[in-house]
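So this first bit is one chain, no partners, the form predicted on its own, shown in structure tokens.
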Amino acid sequence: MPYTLPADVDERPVVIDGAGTLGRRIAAVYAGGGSDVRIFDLAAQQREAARDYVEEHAAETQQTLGLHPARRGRVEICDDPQEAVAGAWMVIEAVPERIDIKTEVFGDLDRMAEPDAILCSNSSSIPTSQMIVKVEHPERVLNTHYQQPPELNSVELMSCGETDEGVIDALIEKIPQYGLVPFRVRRESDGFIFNRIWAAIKRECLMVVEEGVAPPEDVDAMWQIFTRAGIPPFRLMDRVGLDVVLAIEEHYAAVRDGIPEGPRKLLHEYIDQGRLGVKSGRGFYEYTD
């Protein structure tokens, strides 16, 4: 039977395991959305700093995310992991980015957490499929990759390979309550969705500067111009024309080593269907005007 959220989900806490920079931001979001939050960390100073951060930024977080719950969630810090996870409906791991640490943490969480609790990793690079060797119930484990909330409020949800699809469906329905925007990662991907895109942008920015094509301030100034308009990549390609985009990609492939064929193959598939973008009425999107 597919997973469904427990009936008393709004009366149960969210637990953040790891009180670092991102852990405390995530805690602020859930507290701001009305859920009680428990923060666990081995270091007392980190725990206290995280609690102070949430208290100091709760109002700002609510304003940024447009949150208006009946009450603000309570924030509690714990030095005992068993005590921390007791009763929680969701536990979010935000410990250092080391596979050995995360493997141990998930083995412990699987053993200590409530049977219906969802176990999440906020790892930005390690798939949860690599963390579950000590987990007996992998169907409740997945990646929930937060960016930098509250301003960057997307969350990428990626299966560990054995995750109950009902868990992902439930989170996609639930977490918008906290001003978050969920995105389903449809197959395992190192870097998820956006970090892969950002990696390519970042790499080209560095190459432009290293090759002497432009200084950093010019790159940043042009970035501001292009992002100010708010036109997303696939909409922009449709405006340019997919046949033109393909011609540009073919040129890059001719003059640069290592350009992958996959993007050109995808463009060919659309062009062969007559989907050239805005000028043909169909591209990655449909255009009726």
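We call the rigid core whatever largest set of C-alpha positions still superposes within 1.5 Å between the two forms. In this text, residue numbers run from 1 along the sequence as written. The structure presented is a predicted model; accordingly, all values stated were derived computationally and were not measured.
Just so you know, the form predicted in complex with a small molecule exists too; it's not on screen, but the next bit is about it.
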Partner-proximal stretch of 133 to 141, 118 to 126, 203 to 211, 182 to 190 relative to the small molecule in the model of the complex, 4.5 angstroms, heavy atom: 118 to 126
Candidate from 221, 42, 255, 229 lying within 4.5 Å of the small molecule in the model of the complex - any heavy atom: 42
Option touching the small molecule, based on a heavy atom within 4.5 Å in the model of the complex, out of 79, 97, 165, 173: 97
Contact at 23, 102 and 279 by the small molecule in the model of the complex, all three, heavy atom at most 4.5 Å: yes
Contact of residue 64 with the small molecule in the model of the complex (heavy atom, 4.5 Å): no
Residue 72 within 4.5 Å of the small molecule in the model of the complex, heavy atoms: no
Touches the small molecule in the model of the complex: residue 49 (any heavy atom, 4.5 Å): no
In the model of the complex, residue 15 touching the small molecule (heavy atom, 4.5 Å): no
Per-residue C-alpha change between this form and the one not shown, residue 36, threshold 2 Å, rigid core fit: no
Core-superposed C-alpha of residue 231 shifting 2 Å or more between this form and the one not shown: yes
Core-superposed comparison between this form and the one not shown, residue 98 Cα displacement 2 Å or beyond: no
In the model of the complex, whether the C-alpha atoms of residue 156 and residue 236 sit closer or farther than here (change of 3 Å or more): closer
Closer or farther in the model of the complex, the Cα atoms of residue 169 and residue 235, when the shift from this form is 3 Å or more: farther
